[in-house]
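A lone chain, given as structure tokens: the form predicted alone.
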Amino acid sequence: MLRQMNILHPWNLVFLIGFVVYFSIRHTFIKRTRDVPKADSRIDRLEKFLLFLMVPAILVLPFLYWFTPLLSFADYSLPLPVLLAGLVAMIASLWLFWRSHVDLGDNWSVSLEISEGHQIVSNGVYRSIRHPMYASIWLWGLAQGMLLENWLAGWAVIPVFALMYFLRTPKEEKLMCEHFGDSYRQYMNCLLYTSPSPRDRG
């Protein structure tokens, strides 16, 4: 019974609030871009599989940790400074995640797609971070590991997202080069290149 009330632990509640904010941001922009026509889509089996793998790491395991005793064998305790660092990482992740979506606007897609009438984004966080939305997810993974005191619920997102990142990013950058040519290649070579920078996904 006590293990089933794990969600009432203060740091778990902090993470749950961040969790709700995270998915609210994503849901808002999915709705905004749902009807935007796509000029090119590279959603293959690997892409679907990588997206599918993220579901247990980000969603299922935390809920099992909060509401069931199934993951109790992997519990551990963290000192307050680590928990506070997790809070800072979560706040930074949420801000960067939101800002990336805002800067992309209708150019954003959850997967490897190019929108019709796509305009290359060069403002906001895209002026200084090559893949800010991916950076926000790396931060989220760190926050999850430092706030959820369980090896599986806390840290599973890191290796799963690493697999997605390293398999997906080369395909994404190839797509960008095909559509945006030298503008994207120059952006890859020089982060602060003054011409328009590429879109991102995540």
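Note that the structure is predicted; figures quoted are calculated from it, not measured. In this text, residue numbers run from 1 along the sequence as written.
The same protein also has a form predicted together with a small molecule, omitted here; what follows describes it.
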- Item | Contacting member of L152, L142, V160, M133, with respect to the small molecule in the predicted complex [4.5 Å, heavy atom] | M133
- Counting only non-hydrogen atoms, choose the one of 172-180, 49-57, 29-37, 63-71 that falls within 4.5 Å of the small molecule in the predicted complex. 172-180
- Would the small molecule be touched by all three of L8, N12 and V20 in the predicted complex, meaning a heavy atom each within 4.5 Å? no
- Query: Any of the heavy atoms of Q119 lying within 4.5 Å of the small molecule in the predicted complex?
  - Reply: yes
- Mark M90 yes when one of its heavy atoms lies within 4.5 Å of a heavy atom of the small molecule in the predicted complex, and no otherwise. no
- Query: So in the predicted complex, does any heavy atom of D75 sit within 4.5 Å of the small molecule?
  - Reply: no
- Any non-hydrogen atom of L112 within 4.5 angstroms of the small molecule in the predicted complex: yes
